[in-house]
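Same chain, two forms, each on its own as structure tokens: structure 1, then structure 2.
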Structure 1
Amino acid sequence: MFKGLIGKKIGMAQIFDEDGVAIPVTLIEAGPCYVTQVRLPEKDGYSAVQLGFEETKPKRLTGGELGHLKRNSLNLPPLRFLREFRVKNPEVSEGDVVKVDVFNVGERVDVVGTSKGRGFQGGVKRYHFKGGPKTHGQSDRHRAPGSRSSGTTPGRVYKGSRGPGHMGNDRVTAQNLKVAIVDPERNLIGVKGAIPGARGGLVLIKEARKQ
């Protein structure tokens, strides 16, 4: 059975188990998602399911996007987000609706999101560099990275060296999170622990690969 959802991060909360231990959970508003396309190896060269999420006004989509949703007499509503999930056996049909009840409490999932953007950051914040000494007349090197390379040989900085630069706003996957809450009436799913991204950020929920 296909298990995958698109959702939006709501924020964090906590629940209590039978022993009164507080469990931190992240709440996600997930689905209902529409199956907008099923890709098959014979036709597309690979197997995947494309889901659509969050209804919007038709004028906010391009003509191509609207045509994609209306083809083959699907007549799906205008959907803001379309994402693909690679699966071996789709076991769904175009036009089907996927809701949070495809997951059960106790299952393990991977959550993919976009981390918070931090802008341009120095080496101390970005890579936890130690910085310079804080004594002996030192006045302006506290958070400097120090020497980057050798002099004559190689006479340059190697590609991929750690240093100051753009931080955050990357695709990040939180793996093997436990499903703690499933609420089909409110389209809510809660996973134990934190997930990447800010409140309102788009996330993908799928079966854990490393169970």
Structure 2
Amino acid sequence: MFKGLIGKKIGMAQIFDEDGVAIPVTLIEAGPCYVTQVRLPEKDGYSAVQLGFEETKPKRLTGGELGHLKRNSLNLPPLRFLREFRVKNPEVSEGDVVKVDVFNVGERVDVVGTSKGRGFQGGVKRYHFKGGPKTHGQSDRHRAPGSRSSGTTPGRVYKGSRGPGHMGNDRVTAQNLKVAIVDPERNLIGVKGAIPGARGGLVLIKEARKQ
């Protein structure tokens, strides 16, 4: 069975399990998602399932997007978000509906989100650089990044070196979260622990890769 969902982070709360142990839970409003396209190796060179989430007004989409949803008499509603999930065998057909009940309480999932943007940040905050000494006559060096590279050899800074720059607003995956709540009536799913991103942010829920 294909397992994957697109949803929106709602927020965190505390619930108690049957033993009375308090567990932190992040609530996600997920689905119903429509299978908008199935990618096959013969045709597309890889296999994946494309899901669509959140109905909107037709005027919010472009003609191409609408045509994609209406093609082959699929007649899906206008959907705001389309995302692909790479899977080995799709096991679903175009037009199918995927709901939160594909996941069961106690299962492990990975949740992909976009982390909160933090703007341009220095090396100390972004990569936990140590900064300079606080005392012994130091001035203006307390949070300095230090040397970027060696001297004449190589004479340049290697690409990908860590340093100050834009932090956050990245795709982040929270792995191996336990499913704590599944409510198919209200399309709600709750996972134990925190997930990336702000409330209202788009998240993808997948089967855990490292079980």
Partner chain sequence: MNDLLKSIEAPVNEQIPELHPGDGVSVHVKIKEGGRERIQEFKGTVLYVHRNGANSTFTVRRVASNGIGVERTFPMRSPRIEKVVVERHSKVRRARLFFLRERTGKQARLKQKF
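FYI, numbering is relative to structure 1, first residue = 1. Quick caveat, the model's predicted, so the values are computed rather than measured. Heads up, when I say rigid core I mean the largest set of C-alphas that superpose within 1.5 Å between the two forms.
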Form predicted together with the partner chain, given as structure number: 2
C-alpha of N104 moved at least 2 Å between structures 1 and 2 on rigid core: no
Rigid-core-fitted C-alpha displacement of Q138 between structures 1 and 2 (angstrom): 3.2
